[in-house]
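Only one chain comes next, encoded as structure tokens, the form predicted alone.
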């Protein structure tokens, strides 16, 4: 059984800040968002966590192995380096969806995302080290089959982007509704899904659904681990095995 620890990261009062005292240039906002994500990817990644940009003003991290002190240090680092602050809420669950639901509820109870008085909230509980196991995290790394040959080398970039995004949208929705998983586009033709204890048939089901819904073929490597970094590397190795032998699903 998985035991996923999820952190919901939310920039405090971000919407009003972008237009106060007057609207800020969009290019500057995009630069801030991308730099913040890059820094958080390093701050969480150095502690074997994974973070996904989601909507950029709200991000989602898998943080098994990080305790409250780690979260507080990351929060402080951002507050010292950026003109915005962020709130963090941590929760655990046997499915990523349930963990995120609890984390988000804790954040919402602390105040609105656009509440000027709600800043640098840190709520929730982490998994004590004595209760952690090597099966806590299950990550699946999906890849579009032959994306370069089918799309990149055949279509203009925007039409390629449409094909990849259609596959991602179909996968993201189906994995959420059918398998209580959280799936995130991570660039190129890659999607990483944070999953409960799914088996090979579940992943084949997801790939079949995407093929039937939007005519995009997927393959997937699956890894398990004590920390997100461990599960993620195993998933990448399993995906390479798929590429090597033509399989749709591989577990490492």
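Residue numbers count along the first chain shown, from 1. Keep in mind it's a predicted model, so treat the numbers as computed, not measured.
Another form, the form predicted together with another copy of the chain, is not on view; read the next lines as being about it.
- Contact between residue 35 and another copy of the chain in the predicted bound form is found at the 4.5 Å heavy atom cutoff.
- Interface residue remark: residue 242 is not counted as part of the site for another copy of the chain in the predicted bound form, having no heavy atom within 4.5 Å.
- Although the partner is absent here, residue 204 is not a contact residue: none of its heavy atoms lies within 4.5 angstroms of another copy of the chain in the predicted bound form.
- When another copy of the chain is considered in the predicted bound form, residue 93 lies well away from it, no heavy atom lying within 4.5 Å.
- If you take 25 to 49 and check each residue for a heavy atom within 4.5 Å of another copy of the chain in the predicted bound form, you get 25, 26, 27, 28, 29, 30, 31, 32, 33, 34, 35, 37, 38, 39, 41, 42, 43, 45, 46, 47, 49, in sequence order.
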